[in-house]
Ligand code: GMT
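Shown below, as C-alpha cells, is a lone chain in the form predicted alone; questions about how it binds or moves come after it.
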Amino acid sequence: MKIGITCYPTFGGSGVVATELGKALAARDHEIHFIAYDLPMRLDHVAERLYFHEVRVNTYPLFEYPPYAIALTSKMVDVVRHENLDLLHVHYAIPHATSAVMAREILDGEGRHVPVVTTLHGTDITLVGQDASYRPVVEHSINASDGVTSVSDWLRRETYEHFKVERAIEVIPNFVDIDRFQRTAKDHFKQAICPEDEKLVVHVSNFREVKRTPDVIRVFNGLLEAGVWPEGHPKHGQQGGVKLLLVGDGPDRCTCEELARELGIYQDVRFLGKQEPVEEILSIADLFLMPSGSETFGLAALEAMACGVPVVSTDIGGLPELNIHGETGFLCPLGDVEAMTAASHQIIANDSLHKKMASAALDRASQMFDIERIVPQYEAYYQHVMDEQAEAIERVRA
C-alpha cells in the first residue's frame, strides 16, 4: 500500500506512535509518506520507502492567524495526486482529520477515491474536542472519516459518551518495539549515577501540569526518608538507597527543581532534560513513576515495561488496561502521594517482589503490545476500510 500519514511532529505520544508505525509499515514493504509541518521527531532520517512532505503556510497581511488546516488539505491533495496514495491515516482529530476529509472530497470530485482513517489519541477527545469552539468540527470529522481507531478502550468509551459518533471505533492499542526497548547491561552507566549501587527511579514526561511531576518529587522524598537499602547492605535500615532521574522538559520543571531544593533532596535528583534515545535510561531503571492526572494509554509506561521495569501509576484513563495492579506494578488513586510512596517502597525494597513484577511487566509488554503484533492489526484495518469503500463505490455505480 501507499499510505499518507499526518501527525503532530514535535508534541506528545501521538507523534511518536505515528512515526514508529510509519517506520514499521515501511519495513513491511509499504510506501509511507509523512505529511506535516516538520520532520517527525523519531523520523531522524528518510530511508527506503519513507518520504517526507513539508506543509508550508504562506503568510499574508490579510491572515491574522496562518491557515494551517487549509495548507495541510492542499498538501494532502497534492501528495495523493502525484504519489497515487491508497489511503490517508491521520493521527489526532483536529485539524488532521478535518483536513483529510476535505482533501478526500476534493479528490472525489476528480474521480480519485482515497479513504481516510483517523486515530484518536486522547486530548483531541478529552480536552480540545470538548471545547465549544471546536466540538462540531471534531464530531463531524470523526463521523466523516472512513475508519476510526482509538488507542484504548477507555478512549473509545469517552468518545461515545461525549460526542454524537455514529461510526464504529476500532481499538488498536499503542505498541513498543521489543527489540529496541529491552534490558541491557549498562553497569558503567548506572554506576556513574548510583556509585553506591542505589536503586534508580525514573519518570519521563513533558512536565505539563497534567503529568503532576511534582508528585514524583514528593514520592521520591518519601522513599529517601523510608530508606530502601537491601538486607545485608551496611546501610540497611538507614535513609536513602535510591536516586531519581527526570527525563523531559516543560512548564513544571522549575517548580520541580524548587521543590527538590526545598525538601533538601536536590543532590539525589538528576534533571536530564529531553533525551533520545530514552531506552538507554529505561534499561537501567528499577521503577517507573507515572502520577498523571490524565493518560489515554501510557506509552512511556509501556516503554518502561518493555525494559523490565515495574510501574507505579495512577488508576485513571487507559492505564488500568496496561499496568495490571499487583502484577506489573501498582495502581493508586489520583493525587494520593502516600499510596504511591508505599507502593513504590514495597517494590524496590523487596527484591523478590521486584523481580517478579519486572518479569511480568516484560511479559505483558512483549505478549500484548509488541510492534510485531499491533502493526498487522493496522494493515488488516486499512484493507477492511479500502474494501468497504470499493464496495460502496460499486453500489453507487450499479
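Throughout, we count residues from 1 along the sequence that is shown. For clarity, every value in this text was computed on a predicted model and none was experimentally measured.
Heads up, the form predicted in complex with the ligand isn't pictured, but that's what we're talking about next.
Note on the partner interface in the predicted bound form: the residue among T213, S99, N174, T118 having a heavy atom within 4.5 angstroms of the ligand is N174.
When you look in the predicted bound form, the only residue of V138, V90, V201, V151 with a non-hydrogen atom within 4.5 Å of the ligand is V151. Stretch 287-295 is the answer when you ask which of 80-88, 193-201, 287-295, 263-271 has residues with heavy atoms within 4.5 Å of the ligand in the predicted bound form. Proximity of A306 to the ligand in the predicted bound form: non-hydrogen atoms within 4.5 Å are absent; the residue sits far from the partner. The closest heavy atom approach of V17 to the ligand in the predicted bound form falls within 4.5 Å. Shown alone here, P9 lies farther than 4.5 Å from the ligand in the predicted bound form, counting heavy atoms only. The ligand in the predicted bound form comes within 4.5 Å of no heavy atom belonging to Q182. If you check the ligand in the predicted bound form, you find a heavy atom from every one of G13, G122 and R208 within 4.5 Å. Applying a 4.5 Å heavy atom cutoff to the ligand in the predicted bound form picks out no residue from 327-349.
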